[in-house]
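A lone chain, given as structure tokens: the form predicted alone.
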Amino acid sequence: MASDRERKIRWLSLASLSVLVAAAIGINAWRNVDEYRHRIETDVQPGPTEPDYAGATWRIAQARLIGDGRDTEVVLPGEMRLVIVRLSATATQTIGEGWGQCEVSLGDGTGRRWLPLDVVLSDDLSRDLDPAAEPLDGCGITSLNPPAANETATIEEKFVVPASAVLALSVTLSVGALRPAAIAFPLGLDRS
């Protein structure tokens, strides 16, 4: 039969195990909350037409609305529209890894948000729209090789949005190192 000392050690071990498990769960939950906080854009600053962010000056180089038959012969069904956004970023400093987890999205001011199409579909659309042109990289791929100081990079993202949201669209840009801070500026598309 186990002695009193062995029983005390067992109970102490069980009690310390439960404390360690609770501490591990608490630490993991804190890390998850902190990671989630850095993944969302809660501090979106509406900027001028060329805001400074993440070591670069950003501007919309081109915005195209496709799907209603005016820009191209392509007519998308129903309310679907393809929006192609080209952003130009001129580095004001050495960026290095500062653009990691770069994200571009469109929003309409009512809380609706659209993320870009995946890379493969985006490249396929680029080839369909202009077979002679080389597809431009999106924000995530450009972040792997950002421009040097005083050089410019062009980023292209494609979005499918409802036609009713076109007039109110704005571009939101954020990078992992600066989140929850992000910048936003109006897209300025016209349906007419």
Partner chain sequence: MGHLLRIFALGMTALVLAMLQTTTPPYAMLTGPIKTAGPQSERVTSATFAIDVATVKQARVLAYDQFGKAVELDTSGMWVVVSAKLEGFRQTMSVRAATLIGASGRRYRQSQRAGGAPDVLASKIVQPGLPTTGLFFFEIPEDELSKMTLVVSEQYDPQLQDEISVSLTPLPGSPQDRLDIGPDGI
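Numbering follows the first chain given and starts at 1. Note that the structure is a prediction, hence the values are computed from the model and not measured.
From this point on, the text means the form predicted together with its partner chain, which you will not see here.
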Problem - Partner contact for residue 161 in the predicted complex: its partner chain, 4.5 angstroms, heavy atom - result: yes
Problem - Contact label in the predicted complex: residue 117 to its partner chain, heavy atom within 4.5 Å - result: yes
Practice task
State yes or no: in the predicted complex, is some non-hydrogen atom of residue 71 no more than 4.5 angstroms from a non-hydrogen atom of its partner chain?
Solution key: no
Problem - Distance check, residue 97 to its partner chain in the predicted complex, heavy atom within 4.5 Å - result: no
Problem - Partner contacts in the predicted complex for 52 to 83 (non-hydrogen atom within 4.5 angstroms of its partner chain) - result: 79, 80
